[in-house]
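Below sits a lone chain in structure tokens, taken as the form predicted on its own.
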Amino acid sequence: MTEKHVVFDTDPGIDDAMALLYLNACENLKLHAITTILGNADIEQCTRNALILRDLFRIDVPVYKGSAIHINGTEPDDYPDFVHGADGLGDVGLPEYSGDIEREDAVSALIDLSKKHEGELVILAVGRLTNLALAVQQDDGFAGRLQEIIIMGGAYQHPGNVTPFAEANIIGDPEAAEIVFRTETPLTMVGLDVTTQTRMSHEYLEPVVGGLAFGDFLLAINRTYADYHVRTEDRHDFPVHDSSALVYATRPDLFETVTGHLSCTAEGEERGRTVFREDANGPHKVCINIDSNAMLEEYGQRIASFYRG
């Protein structure tokens, strides 16, 4: 399988942690950098979490801090601590970490990497699209140098999870999403239509990560995630959001997609809604179905092969 050159744009995040765990195990995905964006916590905490996870999983790539504000200059006024905890990683006690963020900011790093790997770079964006939109605004050639963008976000035929219309990452910065969509860079949206179809439970996770050096930490943060879904859905399993986008990057055969044009509603009660118009010649793909059993098998086998050897 052809190796892909990738950047992970993330707002860690419990599900971000599980996605990075999988990404690190994918030998066909060459990770060049982690760029952070606010979302599951503020930018300082998300960046700190990225450094922690980099150390925990022994990933040797630079971490670049992204934007602390939205594309329109506004500052977030709250974060989903009721889902991810105040520290973004479940409030279970964060491990120590070493190393620092890079002096260069995330947007500059994205632009530089797009030049270094022109025509080959894939951005895996599992948070708000602010960093990507800023890169588009700062460099007219940025979007054209990318091979593809794969996002976790949005919804097509599925209701939103923040409002009836909007998914969390997109409503976090709808203007940024619209800027990215308008570039017509090849982009695949791995949204709620598929991420809610696949669910993990502790019965699934324990044999996957139990016994690993960091297994207790991962099980603990996922208990926080599971507790939220018990409270809100009365279910003891939870949807696989960010990891679904990472699995698409390496196993697109597990997904059914439709092709067309994406846009984002920025005004009114439908603010944050991802609107999709089918067109066989369009630059965008939207995932509408997934083989969930095969995805869980892929995730578990990849982790076992890499971390247990």
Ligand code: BDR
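Throughout, we count residues from 1 along the sequence that is shown. Treat the numbers as computed from the prediction; the structure is a model and nothing was measured.
The same protein has a further form, the form predicted in complex with this ligand, not shown here; the description that follows concerns it.
Novice: Looking at 185, 188, 114, 161, which is the one with a non-hydrogen atom within 4.5 Å of this ligand in the predicted complex?
Specialist: Checking each option against this ligand in the predicted complex, the one that comes within 4.5 Å is 161.
Novice: Going by heavy atom distances of 4.5 angstroms or less, which of 168, 71, 121, 208 would be at the interface with this ligand in the predicted complex?
Specialist: Residue within 4.5 Å of the partner: 168.
Novice: With the partner left out here, check for me: in the predicted complex, does some heavy atom of residue 110 sit within 4.5 Å of this ligand?
Specialist: Answer no; every heavy atom of residue 110 is more than 4.5 Å from this ligand in the predicted complex.
Novice: Test of understanding: in the predicted complex, would residue 180 fall inside 4.5 Å of this ligand by heavy atoms?
Specialist: No.
Novice: I'd like to know if residue 241 sits close to this ligand in the predicted complex, meaning any non-hydrogen atom pair within 4.5 angstroms.
Specialist: Yes, residue 241 is a contact residue.
Novice: Contact between residue 47 and this ligand in the predicted complex at 4.5 Å, heavy atoms?
Specialist: Because no heavy atom of residue 47 falls inside 4.5 Å of this ligand in the predicted complex, the answer is no.
Novice: In the predicted complex, which of the stretches 49-57, 241-249, 30-38, 264-272 has residues with heavy atoms within 4.5 Å of this ligand?
Specialist: Heavy atoms within 4.5 Å of this ligand in the predicted complex occur in 241-249.
Novice: Sequence order please: the residues of 11-26 with a heavy atom within 4.5 Å of this ligand in the predicted complex.
Specialist: Counting only heavy atoms within 4.5 Å of this ligand in the predicted complex, the contacting residues of 11-26 are 11, 15, 16.
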